[in-house]
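Given as structure tokens, the chain that follows is alone and in the form predicted alone.
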């Protein structure tokens, strides 16, 4: 391969990777600064491209945020849906596995900043809020809700409203994530997040279980 061919090949690889690099830069800045405060020229600078290059791939900052969700978060939702569909075992074990997976992939990583961002910015960007609710929150809820409904039908769980029970399972974990990304740095009373999660899940499942597994 000639020098020119080698350079052209590198350029093509670089060009193909640019959308991903821009998305990664956007994620970092969205989590650090929030949606409103993030500027596309900052995203471009962090990604090592010009602002014009960003516009070659994304029509707006809103479009870029949707791409972050579609490329980074939705694949994790799809994996969870596949795991749930293929799972062999009790519904408690399934839900425990799903919650721990969410905690390790979302709750304990930079992606934990996205739920906080959406809650704080939803009123200002209703279209993005609707998009996030449809593509992420509703799909995640449906996985959990189905597991709870099956557990109730099989007698593993006590009768309850699956919609409410799903929210009760998810709410303390979401609260912990938001707390860590907001007030935790100023809180003098520290606690271990893994212990918090373990106590929440054990208490929750003891409360809904019929011990008929």
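All values reported here derive from a predicted model rather than from experimental measurement. Residue numbers count along the first chain shown, from 1.
Although not depicted, the form predicted in complex with a further copy of the same chain is the subject of the following passage.
When a further copy of the same chain is placed as it is in the predicted bound form, are 168, 178 and 183 each within 4.5 Å of it, taking any non-hydrogen atom of the residue?
All three within 4.5 Å in the predicted bound form.
Would you mind picking the one in 44, 150, 174, 29 that has a heavy atom within 4.5 Å of a further copy of the same chain in the predicted bound form?
Residue within 4.5 Å of the partner: 174.
Can residue 200 be called a contact residue for a further copy of the same chain in the predicted bound form at 4.5 Å between heavy atoms?
Yes, contact at 4.5 Å.
Given that the partner is absent here, does residue 141 sit within 4.5 Å of a further copy of the same chain in the predicted bound form, heavy atoms only?
Yes, residue 141 is a contact residue.
Is residue 61 part of the interface with a further copy of the same chain in the predicted bound form - any heavy atom within 4.5 Å?
No, residue 61 is distant from the partner.
Find out whether any non-hydrogen atom of residue 51 is located within 4.5 angstroms of a further copy of the same chain in the predicted bound form, and reply yes or no.
Judged by the heavy-atom cut-off of 4.5 Å, residue 51 is well away from a further copy of the same chain in the predicted bound form.
Choose from 86 to 94, 129 to 137, 104 to 112, 71 to 79 the stretch whose residues reach within 4.5 Å of a further copy of the same chain in the predicted bound form, heavy atoms counted.
Single hit among the candidates: 129 to 137.
Which residues, if any, of 113 to 129 lie within 4.5 Å of a further copy of the same chain in the predicted bound form when only heavy atoms count?
Those in contact are 116, 118, 119, 120, 122, 123, 124, 126, 129.
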